[in-house]
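Just the one chain here, the form predicted alone, laid out as structure tokens.
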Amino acid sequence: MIADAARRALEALLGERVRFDAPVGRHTSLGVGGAADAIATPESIAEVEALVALCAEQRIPLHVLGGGFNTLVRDAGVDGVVLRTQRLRQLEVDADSVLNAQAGVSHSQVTRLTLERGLAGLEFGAGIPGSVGGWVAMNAGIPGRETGDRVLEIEVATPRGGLQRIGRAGLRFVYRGVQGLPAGSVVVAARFQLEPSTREAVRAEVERHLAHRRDTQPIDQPSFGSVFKNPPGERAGQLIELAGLKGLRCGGAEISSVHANFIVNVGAARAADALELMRRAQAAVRAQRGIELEPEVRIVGRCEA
């Protein structure tokens, strides 16, 4: 619950761009979950900067939501403020083939611009839904290619107020994460080094990644994934499939029959259904192979009473 004084401060800062007791699940790809105390949608980096500082000052929990493709919101809702980055959409390329993107820029925006300019280096992102802020924070990638490979610099809003730029030397990109960010900071922009190529070559690579995604992932259903990180030398989806759980349903959620490291909403799913499928997958793989599956999906919200 957000105190009255804090609510007034949030309203003064964002006006109609903050909503209270607002449903969050509809803003995620699985489409499940309860309400947040507040959902804030800043329209500029300056507003993000002020919001992060305000939440720190008022001790309000702050959760960042980009495209919502790798976030599961619990049914009981979320304490504090959910910050949506969707309006941070500025995107440009400079003369040195450096892509400058704000956190809310979508994968489709990046793909379109790099195709138009014939710039190579981020084609693999065509197969990864979400937005730039999430790509950086999660070091999104595919086997052999990761977002961090192309990052030159990121810009973050810090709880102390103000913005901080962190160059590549100050960052350590790890599997599905990045180290070196100030605690409680929010990624607001990033710069990526790309390489001049041709439209035809970039298009061919983009289409290759999109075709692979169409063939191997449940892109025509509400879903999230990858649900679990790949253990060293293994594939989480393959482990779940070998445990016999592909297609398993709980309530309105299902371990995808297309790719076992995705969970799909087959109708009126709840977050509890997805969490139970995750628990069963972990238990089955642990029993069969002695491997502990670690969630890649970010789980936010209040635990059920």
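Here the structure is a predicted model, which is why all the values come from computation and not from measurement. Residues carry their position along the shown sequence, with the first being 1.
Same protein, other form: the form predicted together with a small molecule, not shown, and the subject of what follows.
Undergrad: Looking at the small molecule in the predicted bound form, do all three of 98, 110 and 170 come within 4.5 Å of it through at least one heavy atom?
TA: None of them does, since no heavy atom lies within 4.5 Å of the partner.
Undergrad: Within 4.5 Å, heavy atoms only, one stretch in 190-198, 159-167, 212-220, 113-121 touches the small molecule in the predicted bound form. Which?
TA: Only one stretch qualifies here: 212-220.
Undergrad: Of 76, 152, 142, 91, which residue is found within 4.5 angstroms of the small molecule in the predicted bound form when only non-hydrogen atoms are counted?
TA: The residue in contact is 142.
Undergrad: In the predicted bound form, does residue 237 have a heavy atom within 4.5 Å of the small molecule?
TA: Result no; residue 237 lies far from the small molecule in the predicted bound form.
Undergrad: Find out whether any non-hydrogen atom of residue 259 is located within 4.5 angstroms of the small molecule in the predicted bound form, and reply yes or no.
TA: No, residue 259 is distant from the partner.
Undergrad: Does at least one non-hydrogen atom of residue 137 fall within 4.5 angstroms of the small molecule in the predicted bound form?
TA: Yes, residue 137 is a contact residue.
Undergrad: At 4.5 Å between heavy atoms, is residue 64 in contact with the small molecule in the predicted bound form?
TA: Because a heavy atom of residue 64 falls inside 4.5 Å of the small molecule in the predicted bound form, the answer is yes.
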